[in-house]
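Form predicted alone, single chain, as structure tokens, below.
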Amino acid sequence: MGTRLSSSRLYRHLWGTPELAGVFDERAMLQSWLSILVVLAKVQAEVGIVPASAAAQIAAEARVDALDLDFVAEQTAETSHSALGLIKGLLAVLPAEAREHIYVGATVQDVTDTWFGLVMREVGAVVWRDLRALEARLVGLAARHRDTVMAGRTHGQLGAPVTFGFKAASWADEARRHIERLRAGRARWVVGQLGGAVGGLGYFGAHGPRLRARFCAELGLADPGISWLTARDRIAEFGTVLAMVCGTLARIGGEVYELARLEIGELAEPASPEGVSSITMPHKRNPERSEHLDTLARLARSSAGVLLEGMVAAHERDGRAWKAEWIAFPEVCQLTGASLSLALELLDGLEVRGEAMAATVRRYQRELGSERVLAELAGRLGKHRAQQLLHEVLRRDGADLVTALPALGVATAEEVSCWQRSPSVDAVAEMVDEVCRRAAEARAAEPEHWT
């Protein structure tokens, strides 16, 4: 079992995905760091800073499998330097003639920030893929239930009629905005870092800017144009977008959680033959996926908050902000991956119980029809007078508009009854169509992969 519950064999499936665990696994991370050092030596050889033969030897030997990781860990602790243990481990396997040419003029932050750029590229691609898959499911749900009338609710109470398609279209539209944020942010986020001691590239002299550009290009990253050692807005923005994605998924989960209540029963999570909701209450079918989406979103917001704190950094390097990212950044990425995977699973088997929705509308048609009654009376009495009249009538215990309004001489019983039975959802259906149309148009114009 890992030292963190989120990495334990029993519970890690709740906090991440195997795909993203492969990105943040320690061996994978260290290999990525070594690969960054290989590229650094290669581009330095191109401008004569290190011998080409040394760069070739570094490329041949910089493999995590060749290192004694116990020695690397021991040296990291002993030197109290974040990268020196790794460098010492690499020196132990390099030929003598190559040892002086590894990690020349660079700092640990050059390596780790460049790794962040690579990770944002990988994680962003996963989030892009899964968000588009989620959007497709939501658009399909919206179209299928465009005319499935249900009770709209505000402040947890019955409001006026909507359709379930309208609810799903709202989710789809929000997912689309996240996709657009990912598309717009990629050029800002997927960048490298090579700044040296204080970001001025002083070690490399006149070669500095050209060296950084080649270094980034070789790794498939953009050249930032200027060192960003204490400019942490890229990391904060990426993490915040991920936390926002989790927030949307938690909103979806929250709807399912509430509407799956036994006394409402308008939605239900996919049934799992192996799932056990309660050991002592066998009748229960807990909305565990929906509930967990909220848990994941809370944790994602917490980690994103740490990344936002990192924007307040001092001078040209500040370990306080930067090292906190080493914990918070992988966390928000893993939590988002888990959230998307769980939300897709939830939507794939979501039970939409249109009959129960219709039954709620029939049972509470007097309450749900009050907006329509107000609209009709406003045309006769004026909006404010009609509103005051309805408030006065409905505050009386058990007041029935079908009898109360005719007694006041403002409408007939037949008119009031008709208004209450005829929910106005035409505009709702039109909005569903518009969301579906925009989504189809955007999806046709954008790449399947995050490029």
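No experiment lies behind these values; they were computed from the predicted model shown. Numbers follow the displayed sequence, beginning with 1. Basically, rigid core = biggest C-alpha set you can superpose within 1.5 Å across the two forms.
Another form exists, predicted in complex with another copy of the chain; not displayed. Remarks below refer to it.
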Requested in this report: May I ask you to check whether Pro95 falls inside a 4.5 Å heavy atom distance of another copy of the chain in the predicted bound form?
Outcome: no
Query raised in the report: Quick one: is Pro406 in contact with another copy of the chain in the predicted bound form, heavy atoms, 4.5 Å cut-off?
Result: no
**Report entry** 4.5 angstroms heavy atom contact with another copy of the chain in the predicted bound form for Asp147
**Finding:** no
**Report entry** 4.5 angstroms heavy atom contact with another copy of the chain in the predicted bound form for Val352
**Finding:** no
**Report entry** Selected contact from Ala314, Leu344, Ala217, Ala358, since only one has a non-hydrogen atom within 4.5 angstroms of another copy of the chain in the predicted bound form
**Finding:** Ala314
Query raised in the report: Which one of Gly89, Gly337, Gly117, Pro161 is close to another copy of the chain in the predicted bound form, taking close to mean a heavy atom within 4.5 Å?
Result: Pro161
Report summary line: Restricting to 199-221, the residues within 4.5 Å of another copy of the chain in the predicted bound form through any heavy atom are Gly199, Gly200, Leu201, Gly202, Tyr203, Pro209, Arg212
Query raised in the report: Leu405: CA shift of at least 2 Å between this form and the one not shown after core fit?
Result: yes
